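In structure tokens, one chain follows: the form predicted on its own.
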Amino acid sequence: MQPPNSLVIETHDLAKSYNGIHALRSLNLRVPKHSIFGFLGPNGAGKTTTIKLLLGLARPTAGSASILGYDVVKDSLEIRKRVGYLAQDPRYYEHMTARQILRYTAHFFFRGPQDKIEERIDETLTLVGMDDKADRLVKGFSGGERQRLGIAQAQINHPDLLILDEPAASLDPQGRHDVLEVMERLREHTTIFYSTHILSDVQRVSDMVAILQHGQLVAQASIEQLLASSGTTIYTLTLRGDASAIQTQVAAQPWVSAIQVMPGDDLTTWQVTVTDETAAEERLLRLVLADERVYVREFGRKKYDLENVFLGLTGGQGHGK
């Protein structure tokens, strides 16, 4: 359990219904400080509803939520002073430059000498890698540049929490790379809570992840914990030669629960499901190598990725907003 003062977002049985339809059911989130927290779920899972509740744009039907210790219903104004938000499709005045847009935004938060405000604008542009584009008109920006400008706009007030809605959606590979790089750079400055449907991005940059299904939380853990608890342990072997005899011996081992055989032209692949990982590490490869009719080309434990885990937890449903 995280101590209370280490949590930026905390919800207790948070729920929201619309005309009797449950969009969110008893959500209990725990988002630690200075984490990059990925928020995943299939279409209609309740991600957008959750963000609206956290930002005070909707009122919960039941339960409660706090950001930085402030209640999202009672202290909405205080929360907005301390939170930066990027919508999925940010819109700008196309005739303005990046610097002008940040200057406009900064004046909502800062009062004082203009040179200090300009210094903050320069710092933020550098932080998101936009210092060389500061005086270009926004209408000429690529999708990735627009998203990075949106992150800069959300970051201009030194927020303690950034909430990003699909920050890398619809970007080309270079744009996605640039946005993810900015998110990693911001880790030391703030906490990032973001929704996304791009599972590889979550696995690359996130510390923690929560997965929603039909408005209910089905998983919440670190990336390492999720991948480690992804289910059964499977070892993959790629073999050449007559493996029928040794297959019978391997299948008879008490720590082997199944062998899936995938024959090929010259090579055969086994996926061996085991119940005792230690026994498999010590004995599986040695057992197979003892058969002189078989040559082992590849051997290793099957690696899971977040997509495997996600599909397993959500029953194979597609992922999205």
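Treat the numbers as computed from the prediction; the structure is a model and nothing was measured. Throughout, we count residues from 1 along the sequence that is shown.
Only in words, not in the display: the form predicted together with a small molecule, which the text now covers.
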| property | result |
| --- | --- |
| Contact label in the model of the complex: Ser35 to the small molecule, heavy atom within 4.5 Å | no |
| Ser66: touches the small molecule in the model of the complex, heavy atom cutoff 4.5 angstroms | no |
| The small molecule contact in the model of the complex: Ala23, any heavy atom under 4.5 Å | yes |
| The small molecule contact in the model of the complex: Gln253, any heavy atom under 4.5 Å | no |
| The small molecule in the model of the complex: contacting segment from 292 to 300, 25 to 33, 267 to 275, 48 to 56, heavy atom within 4.5 Å | 48 to 56 |
